[in-house]
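Next up is one chain by itself, shown in structure tokens, the form predicted on its own.
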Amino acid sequence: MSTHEAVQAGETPSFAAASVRARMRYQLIATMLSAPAIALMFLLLIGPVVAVLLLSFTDWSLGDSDFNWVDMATYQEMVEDDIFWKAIANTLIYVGIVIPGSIILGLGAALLIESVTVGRSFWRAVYFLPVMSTLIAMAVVWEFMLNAKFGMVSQVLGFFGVEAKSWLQEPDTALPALCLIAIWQALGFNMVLFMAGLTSIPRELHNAAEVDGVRSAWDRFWLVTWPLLTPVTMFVAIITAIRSFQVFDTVHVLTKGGPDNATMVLVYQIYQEGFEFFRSSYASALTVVFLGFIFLLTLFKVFVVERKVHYQ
């Protein structure tokens, strides 16, 4: 029997079948090689999220030997909690102030440094120092600077006739003071990102705009620079928003959520309920709400922001 007749009789596998088996073998090998990473992802990322979600439907507290399923009772308690809504409002106010403040000042610092020809490296280092510093240590420094009696901020404002006050101990000024510290700390990081974006813009585009009659530097910024910075701006805004939602260090060190819950934010309430009051189920419900904010922020980035970004 010839080879052609054997193939027609089905006695030897076809090349298509051999290709399918080879592809399945490669997929099996790839799955086996990636299995440890997938297992770790479920164990360290997805597993804790599922555990927190399930725990939020119980009445378990840290130290209890057993628990009961309470369905939505924990979430009902959370909705009726005035401190929860205060924490949500303070978090949103904090995010709403820190994001535009750090973006505008970071972009402004990047533009100013790029425009100078002498001492550029020095100014880069000066603005980036807060990023390299430990935020808790810098929060203690800011606590002394904002002191009503001997703080540098009160002394400087007093020189201009502004009455000194305890900025971190008064409900009207405590949260804005924390926002100021956050903007100061994020400014250098955002500046570096914007500087990277500015250096990637071809100089020829500015020259072409100037030849076409766009003489003003401000007009060239809106016509050339700002559209090409939209990818960097989107990245900076998302990173700053996530870090702002996660604010904890300065609140814990400086205000403990006070005075009168004026600086109570969502992450600090999670810490307080879980590790001070040992109400683990309630802290888990708060964590689910926090993860919901992060998820909505991610959806906003994917489906809204990226569609309005100019990558070329």
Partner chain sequence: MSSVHIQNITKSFGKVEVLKDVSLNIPDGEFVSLVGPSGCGKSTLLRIIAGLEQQSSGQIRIDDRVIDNVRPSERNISMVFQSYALYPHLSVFDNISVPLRMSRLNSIQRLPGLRHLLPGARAVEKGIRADVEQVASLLDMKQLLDRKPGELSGGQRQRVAVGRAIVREPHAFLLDEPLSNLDAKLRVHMRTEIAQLHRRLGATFIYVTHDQAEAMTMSDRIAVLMDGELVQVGSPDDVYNEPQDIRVAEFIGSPRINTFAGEIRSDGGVDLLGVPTGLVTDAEAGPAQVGLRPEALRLVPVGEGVFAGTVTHIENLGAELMVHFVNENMERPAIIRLDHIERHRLDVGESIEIDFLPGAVRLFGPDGARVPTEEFMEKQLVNA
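Keep in mind that what you see is a predicted model, and the values were worked out from it rather than measured. Positions refer to the first chain, counted from 1.
Form predicted in complex with the partner chain: not shown, discussed below.
Student: Taking the partner chain as it sits in the predicted complex, is D82 in contact with it (heavy atom to heavy atom, 4.5 Å or less)?
Tutor: Result no; D82 lies far from the partner chain in the predicted complex.
Student: Is E204 a contact residue for the partner chain in the predicted complex, using a 4.5 Å heavy atom cut-off?
Tutor: Looking in the predicted complex, residue contacts with the partner chain include E204, since a heavy atom lies within 4.5 Å.
Student: Taking the partner chain as it sits in the predicted complex, is A73 near enough to touch it, meaning that at least one heavy atom pair lies within 4.5 angstroms?
Tutor: Contact check for A73: no, nothing within 4.5 Å of the partner chain in the predicted complex.
Student: Even though the partner chain is not shown here, does R215 get within 4.5 Å of it in the predicted complex, heavy atoms only?
Tutor: Yes.
Student: Residues in which of 113 to 121, 135 to 143, 89 to 97, 226 to 234 have heavy atoms within 4.5 Å of the partner chain in the predicted complex?
Tutor: Flagged stretch: 226 to 234.
Student: Have a look at M152, I104, A125, V211 for me and say which one sits with a heavy atom within 4.5 Å of the partner chain in the predicted complex.
Tutor: Spelling it out, the residue with a heavy atom inside the cut-off is V211.
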